[in-house]
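Taking the form predicted alone, here's one chain by itself in structure tokens.
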Amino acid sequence: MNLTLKIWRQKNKQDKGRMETYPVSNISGDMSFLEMLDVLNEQLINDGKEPVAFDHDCREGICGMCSLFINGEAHGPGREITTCQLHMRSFKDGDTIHIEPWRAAAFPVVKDLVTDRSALDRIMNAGGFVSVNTSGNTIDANTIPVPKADADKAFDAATCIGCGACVATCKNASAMLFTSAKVSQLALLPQGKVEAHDRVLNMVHQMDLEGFGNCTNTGACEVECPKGISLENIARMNREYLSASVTGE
């Protein structure tokens, strides 16, 4: 395939940035989207030009690093896949592909397609953990009964990889789906009950401090989430938050 790439280039946080056009040729439909960008970067380096900076790591759909807005969609046209799992057979010969970084005030652009998503880490640090002491006193997990339905819901929430697609695709740049998934995976389990009230209050508070928008139930976040995280988690977090606010515990 021969393609035309329109890619966002930005030297640093202070640079205004701009779209630049690059032609690429002989692209195989079996290539992943990131492999196609590798081809482009090799071409740019051979021409003595600066390659395009973009985040990636595992290239297996697990790490959540490959955060690209492709033709107006987070992670591209596929559903429940990350950018590294998107293959070039999803495009046609002669296509023009627009590639941009996540767009959110809480995700400032570092360079080109790389954004600073440490805001999500700070939300996790505010309460996305359990403090149950297991040192020297470990017990078999099976000795703590967990209803199958709760275990399944907790596991589904825990599949969130923190890529930020929910934020990027939300018209309000809301992090509610991410935060609610992290709250839910612990709130549903006995080990997470100890500090459940403090957790939801602290994580929501940190989310607001980071400058994320509010949820208006558009549902775009669930559609674009590569792991199919359900909006049900947002409803659960709202219930947890209301309960913690009313009881004051």
Partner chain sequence: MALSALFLLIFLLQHFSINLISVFSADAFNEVSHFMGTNPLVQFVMQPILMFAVVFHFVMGFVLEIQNKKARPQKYAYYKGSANASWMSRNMAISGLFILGFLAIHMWDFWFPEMQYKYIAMNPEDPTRYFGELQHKFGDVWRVLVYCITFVFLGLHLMHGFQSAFQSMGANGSRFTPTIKTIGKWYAIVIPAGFIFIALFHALNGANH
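Fair warning: this is a prediction, and the values are worked out from it, not measured in the lab. Positions refer to the first chain, counted from 1.
One more form of this protein exists, namely the form predicted in complex with its partner chain; it is left out here, but the text below deals with it.
* Asked: Of 84-92, 166-174, 144-152, 123-131, which is the one stretch near its partner chain in the predicted bound form, taking non-hydrogen atoms within 4.5 angstroms as near?
  -> That would be stretch 166-174.
* So, in the predicted bound form, is Asn71 in contact with its partner chain at a 4.5 angstroms heavy atom limit? -> Asn71: contacts its partner chain in the predicted bound form.
* Applying a 4.5 Å heavy atom distance criterion, does Lys111 contact its partner chain in the predicted bound form? -> Output for Lys111 is no: heavy atoms all beyond 4.5 Å of its partner chain.
* To do: Classify Ala220 as contacting or not contacting its partner chain in the predicted bound form by the rule of any non-hydrogen atom within 4.5 angstroms, answering yes or no.
  => Ala220 belongs to the contact set for its partner chain.
* Asked: Heavy atom to heavy atom, is Asp55 within 4.5 Å of its partner chain in the predicted bound form?
  -> It does not: once its partner chain is placed as it appears in the predicted bound form, Asp55 has no heavy atom within 4.5 Å of it.
* Does any residue in 90-118 get within 4.5 Å of its partner chain in the predicted bound form, counting heavy atoms only, and if so which ones? -> Residues within 4.5 Å: His98, Glu100, Pro101, Trp102, Arg103, Ala104, Ala105.
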